[in-house]
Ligand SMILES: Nc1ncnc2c1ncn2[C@@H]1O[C@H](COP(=O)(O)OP(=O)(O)OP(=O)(O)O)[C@@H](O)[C@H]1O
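Heads up, the chain below is alone and in the form predicted alone; it's given as structure tokens.
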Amino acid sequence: MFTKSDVERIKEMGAYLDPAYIADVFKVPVDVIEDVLRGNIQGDEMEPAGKTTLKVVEKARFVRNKTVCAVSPGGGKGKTSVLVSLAILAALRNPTGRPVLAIDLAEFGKMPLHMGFRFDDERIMPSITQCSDNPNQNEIFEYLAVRHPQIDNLYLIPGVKVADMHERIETNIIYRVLEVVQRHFELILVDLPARMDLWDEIVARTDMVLVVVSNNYPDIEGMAQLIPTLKRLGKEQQFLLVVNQNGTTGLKQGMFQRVLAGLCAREMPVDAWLPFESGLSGWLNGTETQHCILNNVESEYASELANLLSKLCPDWNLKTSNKKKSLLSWLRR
């Protein structure tokens, strides 16, 4: 896995950097870096020029799949509903068929409701706050992750049951959970809370950040305020901007981007402009019996999410909508 020069570099970095940060740099689980620092991994000699050998590596140990977190500049932007919709579509469109996981770390855990889980006395909802200090694979899969009632390859790790429990979510437990699930799930979507201490620690361990905003002026202000934080966290070039129009009446796309560019002093592309979806509101209000993505996977809302998914997972080679905008849609701008 590592050459001797890699091992020496890791040991030098270990003198002043956290092992989790080094693991993120080398794209391997943190326990591999810790093995190097303990001297359990010595590294291989460089192969002589012209000589090629094949090495068998325990794939499950070293594979890290895509991990995406979602944030918003304030509440009420539809971050959770967007993330759940994306998770459902990813499970349905994932070409490998491997499982997709959503992790709910928000102060007010709403992912179970958004996904359609109904827990009662016979089926008690688990919580990430119930994890042991060093959760292993069996604990996570048997007691923590719950399978979607309709989609076999979609799982959820629920967050807190009541807001007062949120302070019990400790970063070291989240690290360990991420290390385990990153080996087994094709895509992991994490709903982050407003707690900046968790942002600082978790965002560094993800591959991409979704920034979900509404199409109004206060959210443009919030986005401009968020840019320095993304830059500090090393994600200035690793975020996708999602504008969610569900439940809002605000600026048209052209005006939104012009105002955003003015406040940020540079062009800021919108990676997904999600249209209003009545079925989503009906699902959340209880008037629809099924999530809108399951009702119509070819809707305009689902198509825009598919375009976003293709940017998150370009190796999936998804067929996305290339239909030209109608004259009416352009006039609406």
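What you are looking at is a predicted structure, and each value in this text was computed from that prediction instead of being measured. The first residue of the shown sequence is 1; numbering continues from there.
Not pictured, yet referred to below: the form predicted together with this ligand.
- Put simply, of Val30, Ala272, Ala306, Leu284 only one has a heavy atom within 4.5 Å of this ligand in the predicted bound form, and it is Leu284.
- Shown without its partner, this chain lists Thr206, Ser127, Ser81, Gln182 as candidates; in the predicted bound form, only Ser81 has a non-hydrogen atom within 4.5 angstroms of this ligand.
- Interface membership of Gln245, defined by any non-hydrogen atom within 4.5 Å of this ligand in the predicted bound form, is confirmed.
- Contact check for Ile293: every heavy atom lies farther than 4.5 Å from this ligand in the predicted bound form.
- This ligand is not drawn, but in the predicted bound form it has no heavy atom within 4.5 Å of Val36.
- Although the partner is absent here, Arg93 is not a contact residue: none of its heavy atoms lies within 4.5 angstroms of this ligand in the predicted bound form.
- Per the 4.5 Å heavy atom criterion, this ligand in the predicted bound form is contacted by stretch 73-81, the sole one of 171-179, 73-81, 95-103, 147-155.
- Using a 4.5 Å cut-off on any heavy atom, the residues of 264-282 that reach this ligand in the predicted bound form are, in sequence order, Pro275, Phe276, Glu277, Leu280, Ser281.
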